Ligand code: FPP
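Quick heads-up: it's one chain on its own, the form predicted on its own, in structure tokens.
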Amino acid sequence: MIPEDTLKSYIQNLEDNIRTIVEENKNELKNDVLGFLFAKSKRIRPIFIYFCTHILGGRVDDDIQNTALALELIHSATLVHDDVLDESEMRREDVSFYSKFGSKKSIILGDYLLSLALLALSKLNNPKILKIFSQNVLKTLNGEINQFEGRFNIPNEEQCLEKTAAKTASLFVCGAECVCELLGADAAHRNALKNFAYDFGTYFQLKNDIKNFLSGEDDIKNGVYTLPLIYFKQENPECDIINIDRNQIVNYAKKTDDKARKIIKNALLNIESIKGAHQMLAGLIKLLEEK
């Protein structure tokens, strides 16, 4: 486990870099952008990069921090665009850009965040890192496109997990691959961390889906059905998903949680080939669950 003070210093450095890159490329909506970027956030993607760096015995230097910065900015951009697609009024416990500015300005702001991510990547001057980002961001966006085109169609479990991995896990894979490239990891370590990142990203999204499902925030009206709803429909094909009672909600949330825990348990087993990785990544999972 990374010492708490050390992790806090990494995150502080990341947030200093966020402020700097926005200030250096500011516009009339600078304060709104900073408010969004510093609203309640787990910073889990940069934290994942820091854990991968420590597992490989590396140092969190400027290249690692610029990679973390680019990944956080790309993730933030996808959230802005997601809110336009979903017509979401809230984001990170605050009013969304979509609700505040409408779709046109929100799309521009999302593009602005993507541009900042490209600036951060340019500081690495590393074509291989750029290629890793390009490949994985493309997977993320293809996942978004396929999800949008598949609205109101209820997939099976396998299709749902594939969609989840494409939409969410790809950015975690991106982070793991970049760290491995920057630190010169061997093929065995690269494959182990990449596979773990894929499963961890899937687990992370399933846990979010469970939380939203239990809180009533699962947006059924937009036709995007998460795994708890899919389990419900598999066992109750004739029932209206809008009329699920509380007992059923808890039951299918638990079934999804069981699946998520099975995925992450298998992921931890597959990482045991790297000395110390199991213990450190188990600590990361615990940290995630506490946030």
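So that there is no doubt, residue numbering starts at 1 and follows the sequence shown. Small disclaimer: the values here were computed from a predicted structure and weren't measured.
Just so it is clear, the following notes concern the form predicted in complex with the named molecule, a form of the same protein that is not shown.
A.B. asks: Which listed residue (V95, L141, I108, I220) meets the criterion of a heavy atom within 4.5 Å of the named molecule in the model of the complex?
C.D. replies: Looking at the other structure, the residue within range turns out to be L141.
A.B. asks: Which residue, A192, A120, L114, L183, has a heavy atom that falls within 4.5 Å of the named molecule in the model of the complex?
C.D. replies: Residue within 4.5 Å of the partner: L114.
A.B. asks: Consider D82 of the chain shown here, and say whether it contacts the named molecule in the model of the complex, taking contact as heavy atoms within 4.5 Å.
C.D. replies: Yes - in the model of the complex, heavy atoms of D82 and the named molecule come within 4.5 Å of each other.
A.B. asks: Is it the case that E87, even though its partner is missing from this view, gets within 4.5 Å of the named molecule in the model of the complex, heavy atoms only?
C.D. replies: E87: no, not in contact with the named molecule in the model of the complex.
A.B. asks: Indicate whether the named molecule has at least one heavy atom within 4.5 Å of a heavy atom of N212 in the model of the complex.
C.D. replies: Judged by the heavy-atom cut-off of 4.5 Å, N212 is in contact with the named molecule in the model of the complex.
A.B. asks: Report whether the minimum heavy atom distance between R91 and the named molecule in the model of the complex is within 4.5 Å.
C.D. replies: Looking in the model of the complex, residue contacts with the named molecule include R91, since a heavy atom lies within 4.5 Å.
A.B. asks: When the named molecule is placed as it is in the model of the complex, which of 148 to 156, 124 to 132, 175 to 183, 161 to 169 ends up with heavy atoms within 4.5 Å of it?
C.D. replies: That would be 161 to 169.
A.B. asks: Checking a candidate spot here: are T6, I55 and Q279 all in contact with the named molecule in the model of the complex (at least one heavy atom each within 4.5 Å)?
C.D. replies: No, because T6, I55 and Q279 lack any heavy atom that approaches the named molecule to within 4.5 Å in the model of the complex.
A.B. asks: Heavy atom within 4.5 Å of the named molecule in the model of the complex: which residues of 184 to 205 qualify?
C.D. replies: Contacts from 184 to 205: just Q205.
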